[in-house]
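Next up: just one chain, as structure tokens, the form predicted on its own.
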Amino acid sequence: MISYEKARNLVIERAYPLGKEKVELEAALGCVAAQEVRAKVPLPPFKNSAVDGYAVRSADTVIVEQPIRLKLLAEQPAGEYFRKRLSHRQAVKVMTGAPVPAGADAVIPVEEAEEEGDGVILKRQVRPGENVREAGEDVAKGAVIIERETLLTPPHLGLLAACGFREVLVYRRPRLAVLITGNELCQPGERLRPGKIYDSNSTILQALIKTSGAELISLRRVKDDLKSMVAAIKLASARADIIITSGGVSVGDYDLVKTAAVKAGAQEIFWKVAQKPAKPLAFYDLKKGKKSIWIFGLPGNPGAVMISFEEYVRPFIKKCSGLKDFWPQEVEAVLTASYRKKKGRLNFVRVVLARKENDWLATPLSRQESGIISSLAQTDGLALIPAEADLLPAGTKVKVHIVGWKKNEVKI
């Protein structure tokens, strides 16, 4: 049995980007940019109106007599271009986003003007530059719009599209295959027969993988027999970069994943970690020519599955995706209640976080067993209680890892 620290290092030192590919913007959300991108055009590409109104020369509105009357030359909607230059006491009606004609330097909103015959009457004086967006005021041509190793979000994709890009070079998403073991499992929606339980790990892992940025290419339920398990691992390894198994890694008669992985050609990196939950976590390297397929053998209890994924699988996926910041987000927090445990294993304790002045407060949830799912729905983070500790009194400061499904809700 190895320490948590050694296990996570053995995992992460084997992660590396899986190559680059060009993808269309619609498929790039959650990918990591593999190169710096510079704007091909300024943004906006031309001087345009910020409102529906009338393009004017501001100097023509600085007059003593009232009302201010200008000759209306034309109407210009967005997408069209008025080619003439405005002269003294002239105006052009423009829509939001339409080019501001040459000679004009301001736009007065429609509600502050009134058309009359072939002219327009302005209700007030306008300032130079009013309601005008200058060309390149958002982004200059040639400016860096995406840094290398940026995790692409909707605003990044919108910026790329606005600058005329149809594709972007990204690091390839890791491809994952999931194998669910357990003859006791039945699918949600089926009649629950005696001795059976509903399979929640399939749903949990699909959701976790979706939030990780990886691509789930297959999910299979595998019988608890060695032949079926060996065949399933070999089949999954034909396309996947990472294989995740659920259940079958402990020491029972039907815990066959470890034997099956070896028979399929994999080499054990480690099995059993001094942690709670997920002590029987396993990690394997399955060689396919020069390529390694990585196998994470997760325990079967849902709590152990989710915590193992957060502490080991998600960082591995993030590093394989090209991210430099791959470890869980960490804060230091003060325990609001004492916590007692046996020495020898690091404990991942589910906590709710709250802010008090300059401190984070971590309140342990009442149900911590690895088979309990309900408390995970309330969990903000995992407090790391050291292996050598037995009793931590209230007021003790601990490290807390923000869980991936709450990272956008817990504001650091």
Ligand code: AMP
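Keep in mind the model is a prediction, meaning the values are calculated, not measured. We number the residues from 1 along the sequence you see.
Omitted from view is the form predicted in complex with adenosine monophosphate (AMP), to which the following refers.
Participant: Taking 4.5 angstroms as the heavy atom distance cut-off, pick the stretch from 88 to 96, 297 to 305, 264 to 272, 281 to 289 that is near adenosine monophosphate (AMP) in the model of the complex.
Facilitator: Comparing against adenosine monophosphate (AMP) in the model of the complex, the contact stretch is 297 to 305.
Participant: Taking adenosine monophosphate (AMP) as it sits in the model of the complex, is residue 116 near enough to touch it, meaning that at least one heavy atom pair lies within 4.5 angstroms?
Facilitator: Close contact is absent here: in the model of the complex, residue 116 is far from adenosine monophosphate (AMP), nothing within 4.5 Å, heavy atoms only.
Participant: Closest heavy atom of residue 198 to adenosine monophosphate (AMP) in the model of the complex, within 4.5 Å or not?
Facilitator: The answer is yes: residue 198 has a heavy atom within 4.5 Å of adenosine monophosphate (AMP).
Participant: Is there a heavy atom of residue 181 lying 4.5 Å or less from a heavy atom of adenosine monophosphate (AMP) in the model of the complex?
Facilitator: Heavy-atom contact with adenosine monophosphate (AMP) at 4.5 Å: present for residue 181.
Participant: Is it the case that residue 105, even though its partner is missing from this view, gets within 4.5 Å of adenosine monophosphate (AMP) in the model of the complex, heavy atoms only?
Facilitator: It does not: once adenosine monophosphate (AMP) is placed as it appears in the model of the complex, residue 105 has no heavy atom within 4.5 Å of it.
Participant: Considering non-hydrogen atoms and a 4.5 Å limit, which listed residue (185, 160, 139, 170) is close to adenosine monophosphate (AMP) in the model of the complex?
Facilitator: In short, 185.
Participant: May I ask you to choose, among 101, 247, 174, 277, the residue with a heavy atom within 4.5 Å of adenosine monophosphate (AMP) in the model of the complex?
Facilitator: Flagged contact: 247.
Participant: Select from 48 to 63 the residues with a non-hydrogen atom within 4.5 Å of adenosine monophosphate (AMP) in the model of the complex and write them out in sequence order.
Facilitator: Going through 48 to 63 in order - heavy atoms within 4.5 Å of adenosine monophosphate (AMP) in the model of the complex - there are no hits.
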